[in-house]
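Consider the single chain below, provided in C-alpha cells and representing the form predicted alone.
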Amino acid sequence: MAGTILHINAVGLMAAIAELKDTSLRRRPFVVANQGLSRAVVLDLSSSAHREGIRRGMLLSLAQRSLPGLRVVEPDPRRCAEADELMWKMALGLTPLVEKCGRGHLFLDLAGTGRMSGPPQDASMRLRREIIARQGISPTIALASTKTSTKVATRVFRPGGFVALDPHEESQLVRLQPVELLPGVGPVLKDRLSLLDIEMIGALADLRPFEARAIGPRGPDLVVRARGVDDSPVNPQAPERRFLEESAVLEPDSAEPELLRLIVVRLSATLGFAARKQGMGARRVGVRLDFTDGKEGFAALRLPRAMYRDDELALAAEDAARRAFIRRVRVRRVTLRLSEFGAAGPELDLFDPRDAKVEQLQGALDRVHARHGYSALVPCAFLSLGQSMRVGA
C-alpha cells in the first residue's frame, strides 16, 4: 500500500502560464526571461527548448546563440502567483495539512482522509484532474511515505503524470536515480560527488559514516536521505507566516550609532545564514530597540522581493534601525526579525545576475560557516563587538 505523503510538482509553471496566454507558443521552443536586464537569465522554458539543450539559469544571450530564432517571453509573476494560490486552495479541499515549498510545489499529508476522500491514490488522481480542468496545467504528482521519496519521484516522472509507490518500491526507485535528483544536491555538490565516483543515489546511500563526513558538513544528512529515511512532517504554516528572530544585549548600554549599526549588521548576517539554509528569503525586516528607561522603538520595512544575501539584508536592517532610533537614550537590547518568507531563487527573485560575484562570495562564506561555525570567518569590524554584546540573550 502506498504512503500518504503527496507531492505536487507543477513543472515549468511560468512556461505553462505563457502557453495558456498565447497558444501559438505550443510545440515550439521558447524561454521565459527578463529581456530588459543587462545579463538576463532563462527563468523557465518549454519542453521543446529543453530538448534543444536550453537550461534554466543559462544566460539568455547564450541561449539565443545556441538556438537561433528562440522566442523570449516576459514573466508574469501575478498570473503565476494566482495559479499557485488556486492550486493550494484546491489541495486544502483534501486535507488541512498542505505545505507550500516553492512556486508550483506542494506537499500534502493525506493520512486520516480516507472516510471523506477515499483511498489516497484515488484522491490524488481526482486532485490532479481538477488542477488540469481548472487551470490547464498538468502537474506531476507522487504518493509515497516520505517527502524525500515523493520529491525524487516527481523529478523522475515529470513533466506530467502520477505514481503511487509502495514502501518497498520507494528505496528501489530512489537508489536507481542520478544523485542530482536528491533534494539538497546542487551543481557544486554534484561535481564533488562525481570526483568521488558517486553518480547514483544508491552509491551515496552506501557510504559509511566517515565517508559521509568527508563529503562535507551535510554529508551525513544526505546519506540518511539517500537511504529513504525522512521523518520531516508536512508543515501547513505558510512560509510568509514564519519568522526568524535574534537579539543582542549591549554591555554596557550605549547610544553610539556606529556600535548599533555593527550589531544590526551582525544580527542580519546570522539570520541571513539561517534563512539560506532553509532556502528562504525575507520580504520584511523589523528592528526593535529596547532603551535603558524601559521604552522601546520599532520600525519595519517591506522589501520589494524575497532577499537572502547578507549585504541586502544588512542595508534593509540598517535603514530600519535608523528609523527605530527615535530617542537620544541609551539602548539596552537590539532585536532583529526577518519575516514573510518566500523561496529564494530566480523563479521568485527574478534578480539581475550582475551581482554574480557577490552571489558566489556569499555561497563560499556559507560553506565555511556550515563546516567550521559562524565565528570561523567574520568581518574585522565585528571583532570589536566581542565585549560589547551578548547574542541571543
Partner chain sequence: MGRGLSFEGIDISFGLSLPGEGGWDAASAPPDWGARIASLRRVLGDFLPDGGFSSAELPIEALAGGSGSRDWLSRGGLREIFGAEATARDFCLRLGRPFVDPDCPAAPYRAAVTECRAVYAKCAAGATTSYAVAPAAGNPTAGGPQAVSDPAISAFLLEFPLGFAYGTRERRHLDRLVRDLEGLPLAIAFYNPTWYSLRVIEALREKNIGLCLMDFPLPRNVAGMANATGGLASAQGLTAQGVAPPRFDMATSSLVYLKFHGFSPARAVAGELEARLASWIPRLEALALQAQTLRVIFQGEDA
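Just so you know, these numbers come straight off a predicted model, no measurement behind them. Residue numbers count along the first chain shown, from 1.
Omitted here: the form predicted together with its partner chain. The next part is about that form.
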key: its partner chain: the contacting residue among 159, 297, 183, 236 in the predicted complex [heavy atom, 4.5 Å]   = 159
note = Partner-free chain; cross-checking its partner chain in the predicted complex, the single residue of 138, 113, 270, 247 with a heavy atom within 4.5 Å is 138
query = Even though its partner chain is not shown here, does it sit in the predicted complex so that 128, 163 and 176 each have a heavy atom within 4.5 Å?
reply = yes
message = Is it the case that residue 200, even though its partner is missing from this view, gets within 4.5 Å of its partner chain in the predicted complex, heavy atoms only?
response = yes
query = Does residue 242 make contact with its partner chain in the predicted complex, using a 4.5 Å heavy atom cut-off?
reply = no
inquiry  = I'd like to know if residue 172 sits close to its partner chain in the predicted complex, meaning any non-hydrogen atom pair within 4.5 angstroms.
reply    = yes
query = Can any non-hydrogen atom of residue 27 be found within 4.5 angstroms of its partner chain in the predicted complex?
reply = yes
note = Exactly one listed stretch (276-284, 82-90, 310-318, 119-127) reaches within 4.5 angstroms of its partner chain in the predicted complex by non-hydrogen atoms, and it is 119-127
request  = Note that its partner chain is not shown here; using its position in the predicted complex, name the residues of 86-101 with a heavy atom within 4.5 Å of it, in sequence order.
outcome  = none
